[in-house]
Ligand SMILES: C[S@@+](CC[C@H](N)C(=O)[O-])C[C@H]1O[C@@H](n2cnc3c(N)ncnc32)[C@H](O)[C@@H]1O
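A single chain, nothing else alongside it, follows as structure tokens in the form predicted on its own.
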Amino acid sequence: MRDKIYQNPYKQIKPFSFSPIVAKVFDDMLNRSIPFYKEVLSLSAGFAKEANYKNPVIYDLGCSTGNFLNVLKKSMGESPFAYTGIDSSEPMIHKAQKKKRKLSPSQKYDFYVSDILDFKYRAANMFIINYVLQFIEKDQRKIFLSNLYQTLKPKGFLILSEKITNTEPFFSNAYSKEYYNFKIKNNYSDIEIKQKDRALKDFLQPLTVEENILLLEESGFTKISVFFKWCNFVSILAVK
């Protein structure tokens, strides 16, 4: 379904939320708002395949409508894996469950409505956190990532994809303009872009690339690499 949430002018912009209305159009919103979204998912799934774990345990945190599961299934082929998607939005999980029914019932795929900060994780081979950390309070992020690090098995890894900010005004302005043009090319209007930015203003709390890497280091990771970057978006691979 086409994202038209901010198409009409609003006198008052409500803070962004992962509501039933947003869930209906979220896949379209992702594809039109996040540069190279599908490519990042494909790369992430490829890392899971190349790691060659036996029956890996994979967690998708803030899984939204479960897009990663479909990409992961294609990448893993007949190799068995246990997948758990977690999201605090019930409408998102409801949509993810619908997608899951189209996949092989012989594999263990689970979705849960839960706060990823409170979920009880079992020993895992992989955590993927796509564009989610930016919605968590800054003082909670290190504790959260440290918990994930402790839960990972040796040689397990975490993928962190985020929208980022930049402390250098030149880069910040240049990247913001490119991102604006990206959304215009994807048929968002000026008013849609500005109204959504206002809705996200206090909800989204991005960090710089360096701050995200430091968080991972302080959480225990020593092997960290940026594997994708486009202006104000980054994807990082961290290995235990």
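So that there is no doubt, residue numbering starts at 1 and follows the sequence shown. A quick note: this is a predicted structure, and the numbers were derived from the prediction, not measured.
There is also a form predicted in complex with the named molecule; it is not shown, and the following applies to it.
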property	result
Contact check for Glu50, Phe127 and Ile159 against the named molecule in the predicted complex, heavy atom at 4.5 Å	no
Stretch from 148-156, 88-96, 73-81, 165-173 whose residues place a heavy atom within 4.5 Å of the named molecule in the predicted complex	88-96
Partner proximity in the predicted complex: Tyr131 to the named molecule, non-hydrogen atom cutoff 4.5 Å	yes
Exercise: Tyr37 in contact with the named molecule in the predicted complex, heavy atom 4.5 Å	yes
In the predicted complex, Gly62 touching the named molecule (heavy atom, 4.5 Å)	yes
Heavy atom of Tyr179 within 4.5 Å of the named molecule in the predicted complex	no
Contacts with the named molecule in the predicted complex, stretch 8-43 (heavy atom within 4.5 Å)	Phe18, Phe26, Leu30, Tyr37, Leu41
